[in-house]
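First comes one chain, alone, set out as structure tokens in the form predicted alone.
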Amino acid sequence: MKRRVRLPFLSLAAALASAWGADWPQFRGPHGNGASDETGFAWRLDAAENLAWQVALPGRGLSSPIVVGGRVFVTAASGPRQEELRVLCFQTIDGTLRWERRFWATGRTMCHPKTCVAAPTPASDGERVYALFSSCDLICLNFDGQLVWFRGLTHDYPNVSNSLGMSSSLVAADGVVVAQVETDTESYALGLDGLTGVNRWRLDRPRLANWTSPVLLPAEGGPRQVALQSGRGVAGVEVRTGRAVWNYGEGASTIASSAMSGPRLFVPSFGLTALDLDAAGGPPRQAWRAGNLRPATSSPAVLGDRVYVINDAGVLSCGDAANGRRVWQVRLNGPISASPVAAEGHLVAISEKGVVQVVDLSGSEGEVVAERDLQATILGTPALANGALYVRSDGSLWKFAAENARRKTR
């Protein structure tokens, strides 16, 4: 186990990939596992020249930024009770604010002091952006910021809320937006029509407080599925119809979400449990279970043939995705609530105090090779898109990119 901060390299900016492949359209990226397939990131985050721009944000937010089509979307909440809901759109190239839209919360805005109303991460289908807030208000906007539809979900389901706040993020696929809104009083999952916001399906879910997010599964020639996780386990559901296809009923975390890679789903259950999904729709098969790969608040990341988890002591563990064997551990500057993200043989983890840490994954042990203290409380997961790293706090949104990127602070 090594810990040595150094400044050995600066990757040149990769040519911008075609929009969708290089975008980050939802919580934990295009694959829902914290990984990007891109190369060409600038990992020297402690070098001044790698801060492309920094812009101010108008309110609290734990949601991740998402990046689609040259735009970065962020949600925030402001006001004495965080009753003013905000969706902001910035240009990725220079941080210019393209538009901001504000709405009044129609549901409850009570939250634990550590979290906030703008905790769920928005999602995009490449044409529209969908933003869910802890008040159970769900907003659809087009890329010009025009309102397409608005759903105050507590008008239809008045008992859905909890005193700690809601944080499950959205996914969007096949014309459907999937939302998990689950508490110990009323719980359901919704598949909403992306154009109208009308329910296509509604599933009753276990009455348990739950903060995990749905995970889209790869389409293997059949209908697209989404994995819905709760304290009772994980259910596989068809995105278009809401039909339950399979179930893993041995229990799972209600905080850290599952991660998908290839045909294997990594579930925070009894540590970490790897499930091989059946393309024909049969029940999943347990490939392995590793008690020493237990994630805490942050969700696992999967890059290549390795899976990465961070425990409640701030220790990053690398596991072999094939068999669950722990390969190495390295202690990070914690505590850490944000989920790690990874690309190009590197992993980014951010402490709650705002220390961005880059871990080189290429050697026999993990090695911290760069740090940058943003001097702000950060609980939201960062985004990796188009050769850049995006990080948000309550007060700021940062873009880190190669040294020839245009730099601006506002």
Partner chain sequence: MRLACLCVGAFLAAAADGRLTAASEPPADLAEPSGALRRVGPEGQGHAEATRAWPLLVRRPAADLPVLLAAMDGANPLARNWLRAAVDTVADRALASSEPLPLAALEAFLRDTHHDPYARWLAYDWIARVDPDRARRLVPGLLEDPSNALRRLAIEQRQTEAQMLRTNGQLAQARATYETALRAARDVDQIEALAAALRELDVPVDLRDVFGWITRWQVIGPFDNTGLAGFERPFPPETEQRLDAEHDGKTGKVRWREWIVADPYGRLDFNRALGAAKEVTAYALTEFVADIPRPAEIRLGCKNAWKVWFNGKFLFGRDEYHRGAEIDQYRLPVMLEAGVNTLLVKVCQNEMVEDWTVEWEFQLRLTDPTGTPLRSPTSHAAAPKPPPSPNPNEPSP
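Since we're looking at a predicted model, the values are computed, not measured. Numbering follows the first chain given and starts at 1.
One more form of this protein, predicted together with the partner chain, exists but is not displayed; see below.
By the criterion of a heavy atom within 4.5 Å, A235 is excluded from the residues contacting the partner chain in the predicted bound form.
In the predicted bound form, Q229 stays away from the partner chain, with no heavy atom inside 4.5 Å. Proximity of A280 to the partner chain in the predicted bound form falls outside the 4.5 Å heavy atom cutoff. In the predicted bound form, none of the heavy atoms of P335 sits within 4.5 Å of a heavy atom of the partner chain. Note on the partner interface in the predicted bound form: the residue among W328, W246, W149, W288 having a heavy atom within 4.5 angstroms of the partner chain is W149. Of the residues given (L217, V315, A209, C89), A209 alone sits with a heavy atom within 4.5 Å of the partner chain in the predicted bound form. Annotated contact segment (heavy atom within 4.5 Å of the partner chain in the predicted bound form): 107-115, selected among 265-273, 221-229, 293-301, 107-115.
Proximity to the partner chain in the predicted bound form holds for none of W24, W43 and S393, with the criterion being a heavy atom within 4.5 Å. Taking the partner chain as positioned in the predicted bound form, the residues of 79-117 that bring a heavy atom within 4.5 Å of it are, in sequence order, P80, R81, E84, E100, R101, R102, F103, W104, T106, R108, M110.
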